[in-house]
Each structure stands twice: as structure tokens, then as C-alpha cells.
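We begin with a single chain expressed as C-alpha cells, specifically the form predicted on its own.
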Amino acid sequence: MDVKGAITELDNIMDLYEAILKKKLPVKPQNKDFSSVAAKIEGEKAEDKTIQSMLSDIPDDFSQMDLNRLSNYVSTCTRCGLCKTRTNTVFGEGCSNRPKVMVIGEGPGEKEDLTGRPFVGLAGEYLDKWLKAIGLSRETNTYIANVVKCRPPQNRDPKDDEKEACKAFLYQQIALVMPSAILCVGKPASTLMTGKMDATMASLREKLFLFDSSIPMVCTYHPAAVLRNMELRRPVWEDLKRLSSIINPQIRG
């Protein structure tokens, strides 16, 4: 089966699940406080420190910035070498006021670098299909960002020093956006967010984590990895259903 056919097959499965959501959920879902849901979830703790203590470890006081100020700061950032080859910084976009889910990827690709927007290439289109299948979209209830805000050359994985230079921006985004749940896509994002730097992607996706001791967090493969290896479709779908059971507890399986 070619890539187009495989995506179509997954689309059909996701469409069925989306129909289930629409049938069982109210026509106009109300905003919900997920703190009580998170309290009942038995997840492995991702970090020993709170977001604010993580931010306090960084010399610059990002904790005093709102999203607009932080985005402006990032646009002129020179904290690592990625600034030398970028066209645009890619800060983040979507619902920024208590979204159901915050998606965290590893870094911008070529189209993202050109447009200044996250996940707008082929992998981004695929991610949008994933989100739609479980009742999510960047237009209404999802915020999307990356670990690093500048494109690594040739779309390589971000280096440790690059992630280190950028992580305070990400932590402050999480603190400001206040998502009900987090979806990490790809190993660089998953290892940074869980603190399990030597773990495999396969092992990380099998667990549920709690970030900042309160935010449920699911890890899965990056959409680009699935486009390269269609055998990853099934585990990704299982991960998406796990995420859906958190944000839509009335929907199971």
C-alpha cells in the first residue's frame, strides 16, 4: 500500500471514531475543568520540579512575560546557533486559553521556517487529521508548539544544547496556556518533557505521565515518522484513543 492509500485507510478509521464522538458528546461541548480527572489518573511523574521552579533555573525572567511578549522575545533570540540559519522563529499557535490539549513537537521544518507557523507541512496536515479524529483542532481547543523555535538544518533532531537554550520558552508557554493534557509527538519532545532522556520512544508511549504533577501527558510517534513507516499507524491510534479517554472520559476504546 502506498502512502496515500495508507493515510486514506487511517482516515476512514478516524472518521468512524469522530462520528462516535459527535454522537455521544453534546452538540455544544462545555469547557471543563480537568483537574478532577487528572487527580484520578495514575501516571508516572514526569518531573520532580514544578514549572515555576524550572523557570527559576533560567537567568532570564520569562515568568513575567505573557504570550505576546514571549513571542516577541523569541523572535530576536540568539541563545543558540540555530538563530544563524533560521528564516523565521516558530513560536506556536492555536487556542491559547486553557485548551484541551497542547501538542509539543521537536522543531520546525522547512515550511514552518518559511511561514513562521508550526506543523503546516505534510506532517502537519497529518497531525490535523489525528486531532480531528478525537474532537480536537488548532482552531478551537488545541495549542501547538515545538521544543525548539528555530529550524534545525536539514530537519535534524535538535541537539541537547539547543533544547536546553529553548526549554524555558516552552515551559512558560505551558504555564500561560494551561492545557488540560499534553501530547508529545516524537522522541526529542517526549524525552525532554518526561525527563527520561535515555528511554526509547516505544517505551515512552506505553506509559501515562503527569507533567508538573497535574497535567496528564501522552507520548507518541511524530507524524513524519509515521509517514515514513506506516507500521506505526496502529500504535499511534492506540495513543490517540488513550488521550481521548482522558479529555473525553465518557468515550471509551
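Counting begins at 1, following the sequence as shown. Quick caveat: nothing in here was measured; it's all calculated off a predicted structure.
The form predicted in complex with ligand URA exists for this protein as well; it is not shown, and the discussion that follows is about that form.
From the list 129 to 137, 171 to 179, 114 to 122, 73 to 81, the contact stretch for ligand URA in the model of the complex under a 4.5 Å heavy atom rule is 114 to 122.
With a 4.5 Å cutoff on heavy atoms, Gly94 does not count as touching ligand URA in the model of the complex; it lies far away. In the model of the complex, ligand URA stays beyond 4.5 Å of every heavy atom belonging to Pro99.
Ligand URA in the model of the complex comes within 4.5 Å of a heavy atom belonging to His222.
In the model of the complex, the residues of 79 to 111 lying within 4.5 Å of ligand URA by at least one heavy atom are, in order, Gly105, Glu106, Gly107, Pro108, Gly109.
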